[in-house]
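Read the single chain below, which is given as structure tokens and is the form predicted alone.
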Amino acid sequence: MKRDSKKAVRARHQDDDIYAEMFSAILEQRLSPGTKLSEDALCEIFNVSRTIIRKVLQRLSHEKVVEIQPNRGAFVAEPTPEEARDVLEARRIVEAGIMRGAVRTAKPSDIKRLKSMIAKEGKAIEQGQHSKWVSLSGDFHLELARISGNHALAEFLRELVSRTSLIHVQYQSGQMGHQSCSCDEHVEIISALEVGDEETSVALMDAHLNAIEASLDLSDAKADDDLYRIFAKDTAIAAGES
């Protein structure tokens, strides 16, 4: 029984590790909308069974960042323009609540951490690292959710942020001008949060999310990615478990 228990725990860690890596690949835009997620390729890349890969894909499908199509397999989700608008509308509602909670609970250490995150965003923009900026920007919003202390909203926002990343890939031009403005808006949000101005904090977040939606051109641009290349640096997960 003890040996079986250890084996089950090890398998669960594999699931979590592979899920985390694939989720990050989507958030960082290494996996583009429409990319086919071949089970055979993923089994080989991570050196795990098809059962484990299917569990991970089902988990990502539940979070709506992967679509599993009968007789065709799994693909990174391709949000439609209508879905893009729905996601941003949901974020405006959810993040209004998050901002109100964050204003009430934010500590000086939280403000310091947020400012550090903004500095990293600025550096990514300066270096022209679009995908890294998208990931860091998402982290900023998730950190606000953590600060708010509302775990349900934080969990919901995690899904919305990952879906927004796909929307950025598919519909955003990728020009650095918008990114600089977005980073400046984050700075303004922190300033309002730091002085405990709840109404201004909520209004700034709403304006920020409206600006994100306004930056979408709703064009349908797809890009194919090679799974072996995407995960080339991350096969250590499998090596560590084998």
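One-based numbering along the sequence shown. Just so we're clear, the structure is a prediction, and the values are computed from it rather than from any experiment.
The following text describes the form predicted in complex with another copy of the chain, which does not appear among the structures shown.
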Task: another copy of the chain in the predicted bound form: contacted by all of Lys55, Arg59 and Pro70, heavy atom 4.5 Å - done: yes
TODO: Quick one: find which of 135-143, 119-127, 89-97, 72-80 has residues within 4.5 Å of another copy of the chain in the predicted bound form by heavy atom distance.
DONE: 89-97
Open item on the list: Is Leu153 part of the interface with another copy of the chain in the predicted bound form - any heavy atom within 4.5 Å?
Closed with: yes
Open item on the list: So, Glu63 and another copy of the chain: in the predicted bound form, are they within 4.5 Å at any heavy atom pair?
Closed with: yes
Open item on the list: Quick check on Arg163: any heavy atom within 4.5 Å of another copy of the chain in the predicted bound form?
Closed with: yes
